[in-house]
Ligand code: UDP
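One chain follows as structure tokens, the form predicted on its own.
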């Protein structure tokens, strides 16, 4: 959290969450009233979320904001994190890649390391609530703590694309997942026909009041540009994401080199390294190598909790990229759209739910396609402005945290009814 003086100087404060009433100016009073009404009808009040890291990536960001809002609605909500070591996170990163790409890249040791650390977490971390949300594959084995003689409901919340996984890894995890009461996926195509439990669709969300998305004074934006030696008079193209092969940062550099040979501009590749992603340093080193000798390419290793600087870089951008070749959802797209920026992104994962091609941005499949769209928007700023305006409206309708909170509350009620409606409606077009 930060406070600004009149000159744009910033005083850093501890990270802050917000009251539901503060969202009323954005989403309307009726939405807030509906949340209170739904929560009042939940009799089983204790809720716990479990994931693998407190920092880095969209899951941790969502849980940091979502858990206090659940508490404000009268639920006894908490957030726990499993513990891992290097071999465990190397194994889960391999699983992550195998589940999203379908490649058979895992070794027997990966499964053994996962089971070893899961056993330790089962011993050391007590997960006990009426409703338990387990986020992603890393803590999936915690289902062994489920009390079979109770009315507990365990939900596996999957944030990645498992539509075409490596069969050995999926078979390994399906043994755990089929013991849950329900699963949640971020996009319709991520669902699995071979799961024996109900499947729900809940798209992730952004917090419009968080430092990463709130309005900023222009003086602060200018200070950030100056800090990183970025020239405000040149068009700025930015991609903010983890240093991850799936985000295709090398492809971003290749596309930019095509565009910059015709239009003088600057590229920012900014990202952080997450605790549960040991591959990040390797990717970061390769990105630096690809950008070597180019003063118009800025590779920024941004530490966790640098949300204001990320916000400023996105707001200063002429175009925002998210050229993923594989993606779970890609919340950086929603973040940029909320700032009324035109976004060019890979047509993968949950990104097509956020971008209506040609209306709020462009979906691309290749380096050449990304370069073509960048060139077109730099030459046609009126089109870029229209795309950004529509994109913000789409995020307001579908991808703010109050909508995700409502989906979770409705799911909690649904799981205790005799008749389930397994799939929630996909996002609406405003």
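Numbering follows the first chain given and starts at 1. Keep in mind that this is a model prediction, so the values were computed, not measured.
From this point on, the text means the form predicted together with this ligand, which you will not see here.
Are 241, 310 and 330 jointly within 4.5 Å of this ligand in the model of the complex, each by at least one heavy atom?
Yes, all three are in contact.
Name the single residue among 272, 118, 94, 203 that comes within 4.5 Å of this ligand in the model of the complex, judging by heavy atoms.
None of the other options qualify; the answer is 272.
Sole residue of 225, 122, 263, 302 within 4.5 Å of this ligand in the model of the complex, by heavy atom:
Of the candidates 225, 122, 263, 302, 302 is the one lying within 4.5 Å of this ligand in the model of the complex.
Should residue 284 be counted as a contact of this ligand in the model of the complex, where contact means heavy atoms within 4.5 Å?
So residue 284 does not count as contacting this ligand.
Test of understanding: in the model of the complex, would residue 212 fall inside 4.5 Å of this ligand by heavy atoms?
Yes, residue 212 is a contact residue.
Using heavy atoms and a 4.5 Å limit, would one call residue 247 a contact residue for this ligand in the model of the complex?
Answer yes; at least one heavy atom of residue 247 falls within 4.5 Å of this ligand in the model of the complex.
Want to guess which of 86-94, 123-131, 330-338, 248-256 is within 4.5 Å of this ligand in the model of the complex, heavy atoms only?
The contacting stretch is 330-338.
Enumerate the residues of 213-229 that have a non-hydrogen atom within 4.5 Å of this ligand in the model of the complex, in sequence order, or give none.
Contacting residues: none.
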